[in-house]
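Shown here is one chain on its own, the form predicted on its own, set out as structure tokens.
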Amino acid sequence: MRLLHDPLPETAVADVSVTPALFDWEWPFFINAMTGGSQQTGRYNEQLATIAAHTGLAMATGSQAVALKEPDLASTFQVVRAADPDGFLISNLGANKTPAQAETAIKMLRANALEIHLNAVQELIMPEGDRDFHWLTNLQRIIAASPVPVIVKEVGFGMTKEALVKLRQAGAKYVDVGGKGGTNFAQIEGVRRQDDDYTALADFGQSTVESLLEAQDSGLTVLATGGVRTPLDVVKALRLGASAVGISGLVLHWLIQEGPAAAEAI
């Protein structure tokens, strides 16, 4: 996607606002779901939440399913609220979890919103992954029961117009189209499956741009994640209709390679 340049904008910087009409967010981008579930990823969560607290960014954790199975690991997620006591935090679970489990995940973070991720491709490649993807009825129950807003999120393979219609009919108001271009869970899980070759899935799915085009006139509040690497990428996603843009792998890369202070400065 290229933005068309207008040499006569007839405006001023002071007239431009980047504050999104979404929740009470200050910025049109946020730190999206990545980590949690081990001591190391718990430290990353704490550092990411500290960055979020210092910058006023919203933040989502990685899937809390592991903490539902092993309650001792809940602390690797709870550090996020400890590091960012007043911030906008987003819990995260898969679409196969119950409304009661969703409520537990929300309470774990004292979260302001809940992400329910859709990851059928990832699950199919995982040796221990799910094989039953009848999710819509369960999504409807979670959305109806949740005490906080629910964001339905793809994990990197994009969405179609038809899927967005189904989500709206299920009661969804917020979706993250999660297009390809960023972290590829087909490749990640494929590394664990040495007996098979999953390289053909490296380019599977819809890009974030394609997904945002599919989301035009959907009647949903749309967020965008997937392959966002520059401020211009954020602007492009906003121009295509996203209310806010999630950044995941890039922030984690900065954190690991450069350290918390450098990541925050970037």
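What you are looking at is a predicted structure, and each value in this text was computed from that prediction instead of being measured. The first residue of the shown sequence is 1; numbering continues from there.
There is also a form predicted together with a small molecule; it is not shown, and the following applies to it.
Contact annotation: Asp84 falls outside 4.5 Å of the small molecule in the model of the complex, judged by heavy atom distances.
The small molecule in the model of the complex comes within 4.5 Å of a heavy atom belonging to Gly182. Put simply, Gly62 is close to the small molecule in the model of the complex: some heavy atom of it is within 4.5 Å. The closest heavy atom approach of Gly227 to the small molecule in the model of the complex falls within 4.5 Å. Segments offered: 66 to 74, 198 to 206, 51 to 59, 26 to 34. Contacting the small molecule in the model of the complex at heavy atom distances within 4.5 Å is 26 to 34. Taken together, Ala102, Arg168 and Gly171 are entirely out of contact with the small molecule in the model of the complex: none brings a heavy atom within 4.5 Å.
Exactly one listed residue, out of Met108, Ala163, Val155, Val121, brings a non-hydrogen atom to within 4.5 Å of the small molecule in the model of the complex: Val155.
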